[in-house]
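Quick heads-up: it's one chain on its own, the form predicted alone, in structure tokens.
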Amino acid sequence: MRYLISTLLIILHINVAVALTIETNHSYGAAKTVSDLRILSSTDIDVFAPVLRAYSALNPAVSITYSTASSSDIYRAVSNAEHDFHLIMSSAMDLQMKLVNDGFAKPVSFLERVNLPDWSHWQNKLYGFSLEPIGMVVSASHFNEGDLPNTRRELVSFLRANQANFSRKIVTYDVTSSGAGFLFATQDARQSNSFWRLAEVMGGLAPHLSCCSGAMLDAVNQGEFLLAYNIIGSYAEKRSRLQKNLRVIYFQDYTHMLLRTVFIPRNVTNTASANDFLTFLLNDVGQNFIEQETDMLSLRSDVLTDNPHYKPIRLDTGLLVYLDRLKRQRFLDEWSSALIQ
């Protein structure tokens, strides 16, 4: 098994337009001129590397290239058919659903070999493979245990009572540029009216808007910001073990559970490697590995039964509501009015 980052692979194997900015490339398995399995993903390699190493150990003859890009760039590349990847992975469930709904995915037929919850797949094309709680991260050095808010209503009250301390000290996603951030915000809006009250309170404190979880976590750890709202759990949990100023909170009114999703694009002619990897990812072996060896949760995690306020975001056409051009613009206008004051 080998692991390397090679910019040469961008030239040799990835013929994409400027719209797709590849952030990193990672290779596993046998060294071949052209990889057997090329994966385009928005999931950071730090999170997904254990899965790739486990699959490669079982299939050492398979050459794998794992390329990372932003969820928005992935959407544009697939919708413009400007890629040659075998699997498309993203945390932006709504954008993935739109791509599949618009005919950019191939059907697969292995459901008889895996046991999946109804809410974790759509038709026989789009599949969730892991769960991620979406939470809040705070600066541990600036919060006493008794001050930690457990619901959004408590957070609203806390921020109103501590405006001087939190002015320009809050960071969250810029939903105009982050596909995942847009998804989290629209799901918040669908779940509860408390989101708009929280957005207005945060907007009054001049929050910083960011593209990426990693940048937000670093900034909170360094004390530049004291609170980051709507952070992907696996990133936050991993960083909090290494960066001791991070404290992760999952709200008890509701905690959205993101599904990382995957599909085979329609332009793939040979789906054997993609099907085999998907089978590993979704069967009991792969799901148990995800649960036990990564910071992600499996689709059948006990977290769901032990915490009724944990709510998976279902894979259904409801995800397309805010992708309608007019509804999207209306949401962005309301969000901008609340957050950018």
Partner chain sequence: MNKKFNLSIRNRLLIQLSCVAFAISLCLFLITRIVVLQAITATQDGLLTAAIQSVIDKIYVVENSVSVDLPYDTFSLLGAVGEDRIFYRIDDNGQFLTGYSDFPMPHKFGNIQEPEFSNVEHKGERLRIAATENIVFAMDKRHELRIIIAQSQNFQKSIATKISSNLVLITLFFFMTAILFAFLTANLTIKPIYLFATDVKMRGPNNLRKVSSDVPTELKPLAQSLNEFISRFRSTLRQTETFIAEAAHHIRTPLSVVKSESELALRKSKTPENRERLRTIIKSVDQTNRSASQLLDHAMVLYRAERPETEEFSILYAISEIVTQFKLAADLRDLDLTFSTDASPTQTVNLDRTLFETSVRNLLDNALKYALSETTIIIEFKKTKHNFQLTIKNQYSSAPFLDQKQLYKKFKRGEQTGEIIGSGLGLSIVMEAVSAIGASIEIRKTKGDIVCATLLVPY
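Numbering follows the first chain given and starts at 1. Given the structure is predicted, the values throughout are model-derived calculations rather than measurements.
Omitted from view is the form predicted in complex with the partner chain, to which the following refers.
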Even though the partner chain is not shown here, does residue 319 get within 4.5 Å of it in the predicted complex, heavy atoms only?
-> yes
So, in the predicted complex, is residue 314 in contact with the partner chain at a 4.5 angstroms heavy atom limit?
-> yes
Spell out, yes or no, whether the shortest heavy atom distance between residue 195 and the partner chain in the predicted complex is within 4.5 Å.
-> no
So in the predicted complex, does any heavy atom of residue 121 sit within 4.5 Å of the partner chain?
-> yes
Candidate from 259, 100, 185, 159 lying within 4.5 Å of the partner chain in the predicted complex - any heavy atom | 100
Contact residue in the predicted complex, chosen from 106, 190, 247, 208 - any heavy atom within 4.5 Å of the partner chain = 190
Pick from 220-228, 92-100, 141-149, 164-172: which stretch has non-hydrogen atoms within 4.5 Å of the partner chain in the predicted complex?
-> 92-100
